[in-house]
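Encoded as structure tokens, the following chain is the form predicted on its own, with no partner shown.
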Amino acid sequence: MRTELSKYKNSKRYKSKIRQDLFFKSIFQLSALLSSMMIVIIIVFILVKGLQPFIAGYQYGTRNFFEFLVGLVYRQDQGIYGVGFIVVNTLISGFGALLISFPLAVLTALFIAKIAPKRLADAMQTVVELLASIPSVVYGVFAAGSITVMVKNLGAMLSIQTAGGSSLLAVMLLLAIMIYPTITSLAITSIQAVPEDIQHASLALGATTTQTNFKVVLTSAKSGIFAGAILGLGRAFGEATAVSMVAGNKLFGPTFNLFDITRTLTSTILTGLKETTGVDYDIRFSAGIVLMIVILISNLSINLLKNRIGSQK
């Protein structure tokens, strides 16, 4: 047996397979390296451009980083750049959208994966996938023509004046719709991956189907579900085009009134980007640095919450 194995390893066929494995392994390593390099290049570029306004000798006048970070006024016409209130607005709109969308997405995923008949489940999953493929600008046009009107009418019913419907509430509703398919799709995959043996064991111990779905299935699938929440929140924080259509352009803040206009980090970066130069152009990269930090901290917070849920008895 050993002699035959030794002969096979010395054969041309075996050596050819080894070369093929090494070739494809090199291709995969190169692809991973290129992907990593792109991430590094993007981060380095944003850091270099974004930190320039705060380094001594900056040609347009050095800015105070602390005042930029905690400032409550952003007026480019006066050369005042404070993103403290914009960070708060971004967190409120992002987590507000997640608060609206997350329970709906998880319940939809549970219905599609475990409750609905197969034909209905397939049809609903197709609809969710179609929602995920709609471009951001289309969502923005829809929000500008529908969500803002709804918010305006709601404000009129409550005797609250709005800026034509452009408001924090409109941003939250828009982002909730946009992140819904992302969370739902990942939640469906995670729920379907839960072993049926676990569910059968729960039913055998006397739990009802509903109790099993909520206490066993969702708990077992929490890793994938919260991964969807992280991706959804990342999209909410990173969305610029659609948000700019309904947010308004608040010059100070933060905004806590749902019917008041607001401003997010992404809308700040995008608005007027092609029509500006100098410090006003570079400071947008500084806002990009802050946005990356906000996303990182938010993702770590969600991961911490995920580890706590289901682990406490």
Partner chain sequence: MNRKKLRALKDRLLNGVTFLSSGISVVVLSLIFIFVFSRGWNTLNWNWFTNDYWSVNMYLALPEGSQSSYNKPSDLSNTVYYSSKYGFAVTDYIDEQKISQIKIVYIDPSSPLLDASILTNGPDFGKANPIKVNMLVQKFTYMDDVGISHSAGSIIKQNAAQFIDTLETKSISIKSTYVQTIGGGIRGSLIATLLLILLSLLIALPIGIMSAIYINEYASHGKLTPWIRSSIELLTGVPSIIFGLMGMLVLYPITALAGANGTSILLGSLTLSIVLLPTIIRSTEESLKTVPDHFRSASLSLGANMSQTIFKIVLPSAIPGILTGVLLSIGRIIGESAALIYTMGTFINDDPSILKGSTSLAVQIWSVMGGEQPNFQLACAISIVILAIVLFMNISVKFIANSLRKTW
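Predicted model only: the values in this text are computed from it and were never measured. Positions refer to the first chain, counted from 1. For the two forms, the rigid core is made up of the largest set of C-alpha atoms that agree within 1.5 Å on superposition.
The form predicted in complex with its partner chain exists for this protein as well; it is not shown, and the discussion that follows is about that form.
Only one segment in the set 207 to 215, 164 to 172, 186 to 194, 82 to 90 has residues whose heavy atoms sit within 4.5 Å of its partner chain in the predicted bound form; it is 207 to 215. Among residues of the shown chain, Ala144 is one whose heavy atoms approach its partner chain to within 4.5 Å in the predicted bound form. Residue contact check for Thr219: none of its heavy atoms lie within 4.5 Å of its partner chain in the predicted bound form. Within 4.5 Å of any heavy atom of its partner chain in the predicted bound form lies no heavy atom of Phe66. With a 4.5 Å cutoff on heavy atoms, Leu51 does not count as touching its partner chain in the predicted bound form; it lies far away. Contact check for Ser36, Ile46 and Val127: all three have a heavy atom within 4.5 Å of its partner chain in the predicted bound form. Interface residue among Leu131, Ala201, Leu72, Ile160, judged by heavy atoms within 4.5 Å of its partner chain in the predicted bound form: Leu131. Residues Tyr281, Arg284, Phe285, Gly288, Leu291, Met292, Ile295 of 281 to 298 are found to place at least one heavy atom within 4.5 Å of its partner chain in the predicted bound form.
Core-superposed comparison between the shown form and the other one: the Cα of Leu300 travels less than 2 Å.
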